[in-house]
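Only one chain comes next, encoded as structure tokens, the form predicted alone.
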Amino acid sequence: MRILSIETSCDETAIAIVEAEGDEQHAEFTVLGNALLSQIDIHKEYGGVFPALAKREHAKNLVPILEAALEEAELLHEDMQVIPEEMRSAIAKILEREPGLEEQFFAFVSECEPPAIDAIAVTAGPGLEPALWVGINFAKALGLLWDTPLVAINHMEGHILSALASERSDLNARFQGRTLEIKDAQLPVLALLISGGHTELVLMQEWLQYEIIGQTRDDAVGEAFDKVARMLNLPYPGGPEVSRLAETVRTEGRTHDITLPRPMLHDATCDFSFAGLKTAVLYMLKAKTDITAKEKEHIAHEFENAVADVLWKKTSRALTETNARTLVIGGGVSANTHIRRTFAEKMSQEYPSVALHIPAASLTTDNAIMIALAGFYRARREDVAKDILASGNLSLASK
């Protein structure tokens, strides 16, 4: 099965084309084409993602990204296509709320053959709704023109499945020729999903059936990283900068007397809270008139330690309560070096019989490959969509 996947949930415009085969017990995915354009530099001046700007950039970038992915997959064949007026009108109606996209769309598809694609998978949520709608409407237009079924994908499901996938071959950073494999995953699977918008523990007892075990009651962990980074006057995106300062302290073996709270560490639930930790950093900085570069590093170090402690404690509780046989960690914050190291060490010491899956750093951020993986599993169940609506707060438990 050949999947074309589209991801526009936040500030990355991404399209991938993946050849997939197999079933839940053993599936293989060969990445034929992959193209991604990040908007980080554009949003830097705002200190975060500006939704209206993200929407505009997605509309501007989707056609060039599609062309790049098709060309890499060797599925771009030039040939003049006459689009019937009725079809043209229907597509124009779909794209009318995406300024600039309609003209690009028709200019491109009028000059190339429809590619051999079995399904189009597109992120329906969660995410920024204006950004989601651009990808969804683009998918609808392609599906109508190419007579190809659409599959609506939960972004977080993509993170879970990409974390379960392992490499089948050496590859370069842009994924050309990449082969991934999901093989013999032991259920139940517990997923710790950590990103700028999410911090939750999700249980998969059966394939593609989810239960929320714990979640943040306030800030997501990635949001807390970014807010602390702004307090420390670090550049955007702030999370990697906080981590960089913290790693400097560890590398140099420095000690310090800065201490921060571990919110809800001993609470008898699997829920999280990071607002108090963030506020503690704020009060600490307000109490200091001048902060040195080393003090910034020490605060970053203690903050990151506190986050890792809380994430591990809550995940450990969930592992014990659910008897999970596999733990996956997904989402942008799963790229954090200290969190990855902490979980690898703790799992080997305390849960040696539980398989730990953390994706390669290149698959932790938003990408279309993970949407293609989820698209394959949904499409093979014939879970196709007659219509797709953007849902900024879409929950895995609703699947």
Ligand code: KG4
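It should be emphasised that the depicted structure is a prediction, and the values quoted were computed from it without experimental measurement. A residue's number is simply how far along the shown sequence it sits, counting from 1.
What follows is about the form predicted in complex with the named molecule, which we do not show.
Note that among 259-267, 222-230, 145-153, 288-296, the stretch whose heavy atoms approach the named molecule to within 4.5 Å in the predicted bound form is 222-230.
Among T30, T365, Q39, T342, the residue placing a heavy atom within 4.5 Å of the named molecule in the predicted bound form is T365. This chain lacks the partner; the member of S243, S162, N137, T216 within 4.5 angstroms of the named molecule in the predicted bound form by a non-hydrogen atom is S243. Although the partner is absent here, P359 lies well away from the named molecule in the predicted bound form, with no heavy atom inside 4.5 Å.
Contact between T315 and the named molecule in the predicted bound form is not found at the 4.5 Å heavy atom cutoff. Using a 4.5 angstroms threshold between heavy atoms, G125 stays clear of the named molecule in the predicted bound form. The named molecule in the predicted bound form comes within 4.5 Å of a heavy atom belonging to A335. Taking the named molecule as positioned in the predicted bound form, the residues of 195-214 that bring a heavy atom within 4.5 Å of it are, in sequence order, S195, G196, G197.
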